[in-house]
Structures are given as structure tokens and as C-alpha cells.
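First, one chain by itself: the form predicted on its own, in C-alpha cells.
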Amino acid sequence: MKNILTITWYSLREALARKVFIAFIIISTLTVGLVTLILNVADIVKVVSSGYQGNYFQAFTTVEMMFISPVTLIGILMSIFSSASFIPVMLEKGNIDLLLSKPISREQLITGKFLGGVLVVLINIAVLIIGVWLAFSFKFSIWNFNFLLIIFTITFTFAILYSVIILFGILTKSSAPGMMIAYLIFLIVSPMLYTFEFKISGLLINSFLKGSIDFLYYFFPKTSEIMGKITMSLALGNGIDNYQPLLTSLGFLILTLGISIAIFRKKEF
């Protein structure tokens, strides 16, 4: 456990040394400042609430998400780009020789790298969400603590994609394939499979095609649902009515990391 924590700490320091992660936290801080300024010059929640038949709490939460959603989306895209080189750099001649010469197992190396990358994103996301939450809460005296739970759903989304980056980093010793696959899943595959599964699948007559779509939907991580439906439900304090997207995505993460460790264990350097 001590070795994992040590690798996690060094991975966190490595991540924080990247300008992209520093840019992410600067953007988060500027967003919090901008939100505070806007809330002091305009009652934007009152304007939005008119479209919710007087449901002030729903309007309040919706406005919070309006500020947070685009920044978290940009932040995850930036984090994928920056973290894609962590494993290839580790596998470079000299770096990997030094690491393997220490009393650290290969499983601990991958686990520590994974936790370090996730931790730095957790910090960035927490700064953004807690900052916006405090700005709204102090301004309107509405303390929706359930809103803070979205820190974990957004970070979990990155963790899923980061497991893919680690796997392809080990397979190819390059940052580009993992980054491209992560973007593909996040921006195209997950939203498309969700649309097919719930809006088109029922209209299909061909049972083989329908079964194929069902398989792909349950196999691939549900990043679109986690970032969208589940995150919004938590923000509104409605809880989670369907854990399937989270559980199947967690299974995908564990499987991907397990394969990464198995491949890394057999590699010769």
C-alpha cells in the first residue's frame, strides 16, 4: 500500500507540472470568479425560473449546471490530452529501468499511475464545483449539499477514460492511440449507443442487429449518461434511479485496468 501511495504522489506531482492541468485549474478559478460577479449584477436565477413554472430550486440548480457543464467538459478533454503521455513517458528507456529496479511491483506501478491521474482531476473538478456551489449558496441561501455529489460522477467519467488511455499506452508505448480512443468513446460511441439503445433499437425488426446494439451498449462505458442524466439527477437531489450505467461502466474500468496490468506484467524491458 505504501508503494502505491508513493507512486500516486509522484504521479500527482508529475500531473501538476503539466501546463494543461494548471490551465484547467486556472479556468476553474476564473469561472468561479465570473459566476460570483454575474450573481452580484444580475438575478439570473429569477429570469430562468420563469421557464420552470415558478420552480425556483430547479431553476437555481439548472443555472449552476449551465456554468459548470461546459467547463467540466473542456476540463475532461484537456485532462485526456495531458494524461495520455503518462504511461509512454514511464515506459521510456531509463525511466522504466529505474522504476523496475526499485522494490515496487508492476501492479503497484499501474495502480499508482491510475490513482495519481484521477486524483489531480478530482482536485480540479472539486475546485470548480465547490467554488460555484459556494457562490450560489451564499448568494441565495440555498445549501443544496447533494449538488457536491457530482464531483464524483464527473471524476468517475474521467477515470473510465483514463483506464483506456493506460491500456493503449502500455500496448503502443505512444500517447496518440489511447487519447484518440478515449475521445472516440466520450464524444461519439457513448452518446451514439445511448441514442440507438433508447430511441432507435425498439424500431428495429432485425433481431441480430438489435442484439448487437444491446451488447455494445452494455459493454462500452456509459460516459454520456453519467455526465448527463445521472449527474443532473444528483444535482437536483433526486438520487440515482438506475445504477446500471454506473455498475457496467465500473466493470469496464476494472476489466480495462486488469488487462493493462496483465499485459504490463508480461512485458520485457
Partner chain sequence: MNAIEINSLTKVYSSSFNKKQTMALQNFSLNVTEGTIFGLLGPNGAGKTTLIKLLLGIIFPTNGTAKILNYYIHEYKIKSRVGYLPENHKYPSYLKGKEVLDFYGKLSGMSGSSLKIKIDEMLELVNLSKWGKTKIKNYSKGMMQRLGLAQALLNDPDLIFLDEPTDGVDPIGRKEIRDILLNLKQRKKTIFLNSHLLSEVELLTDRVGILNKGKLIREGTVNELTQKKQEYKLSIEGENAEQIIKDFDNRISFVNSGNGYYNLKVSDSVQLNMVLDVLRNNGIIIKEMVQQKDSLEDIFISLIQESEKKELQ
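Positions refer to the first chain, counted from 1. Since the structure is predicted, the reported quantities are computational estimates derived from the model, not experimental observations.
As for the form predicted together with the partner chain, it is not shown, yet the points below apply to it.
Shown alone here, residue 195 lies farther than 4.5 Å from the partner chain in the predicted complex, counting heavy atoms only. The partner chain is not drawn, but in the predicted complex it has a heavy atom within 4.5 Å of residue 100. In the predicted complex, none of the heavy atoms of residue 172 sits within 4.5 Å of a heavy atom of the partner chain. In the predicted complex, the partner chain sits within 4.5 Å of a heavy atom belonging to residue 106.
Remark: none of the three candidate residues (58, 61 and 241) comes within 4.5 Å of the partner chain in the predicted complex, counting heavy atoms only. Figure note: of the listed segments 180 to 188, 67 to 75, 85 to 93, 132 to 140, the one touching the partner chain in the predicted complex, with heavy atoms no more than 4.5 Å away, is 85 to 93.
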